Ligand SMILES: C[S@@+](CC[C@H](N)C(=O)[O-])C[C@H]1O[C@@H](n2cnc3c(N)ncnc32)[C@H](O)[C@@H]1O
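To begin, one chain is listed below as structure tokens, in the form predicted alone.
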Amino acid sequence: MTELELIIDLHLDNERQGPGSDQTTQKALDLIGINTSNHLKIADIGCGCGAQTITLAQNTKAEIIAIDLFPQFLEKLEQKVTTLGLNNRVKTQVASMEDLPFQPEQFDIIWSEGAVYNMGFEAGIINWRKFLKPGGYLAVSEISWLTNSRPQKIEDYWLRAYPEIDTVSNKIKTLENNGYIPTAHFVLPTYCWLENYYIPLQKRFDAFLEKHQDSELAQTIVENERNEISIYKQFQSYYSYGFYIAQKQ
């Protein structure tokens, strides 16, 4: 298996493929302040296995298109959708977030939790804006610095991993500079990282290594994940995901 295939396999059976929670998804939806009983159209971009997709479907009457590049994740979401009887309102689509097959002004809300970094925050919000109806809303979570200064170790780590990481205030300015009116933001609490993402992921390491016969590549992937978890535990006061809500200007 390739490195990418192994990474997908490690994350496939997790409830979430990144930090988050039902509560923070609901909070972001509440902060938008839109009438959820209306017939809304929502795109959930980079949805993974769709934990947040389900929360959106259960708390709105929206028609939702859940988009991910990897069909394995969407198959997991489709199973949940079928079990919960949401097939009539939640559809999945395999697509790259950089080349979405949608019409201009198709959606009331574009949602993306912990995924926009794959193409870069600014590129994502610029590219996706055309798919929003006038006055439509963008709701994205994005890795962000919580302080203006930080230890060199964590600075170097994240600049290697994602050079576009920036402070919350600068993320808001980026939204303002690209045709959005920021309306709300908040920071994901630690349980979104630890209890909801890292701890369940850690529990899969031994089985993952056994499944792949302790291959060098599998061991490298696990070691990278362990290092990321260790970095978060040591430096969690300096960064988190910011959840940003903004309206198309």
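Throughout, we count residues from 1 along the sequence that is shown. Just so we're clear, the structure is a prediction, and the values are computed from it rather than from any experiment.
In what follows, reference is made to the form predicted together with the ligand, a form of this protein that is not presented.
**Asked** Which one, 131-139, 94-102, 157-165, 171-179, holds residues whose non-hydrogen atoms are within 4.5 Å of the ligand in the predicted complex?
**Response** Correct option: 94-102.
**Asked** Any chance all of F73, G114 and Y117 sit within 4.5 Å of the ligand in the predicted complex, going by non-hydrogen atoms?
**Response** Verified in the predicted complex; spot residues all in contact, yes.
**Prompt:** If you check L31, L194, L217, L69 against the ligand in the predicted complex, which one has a heavy atom within 4.5 Å?
**Reply:** It is L69.
**Message:** Is C47 near the ligand? Define near as a heavy atom within 4.5 Å, in the predicted complex.
**Reply:** Yes, C47 is a contact residue.
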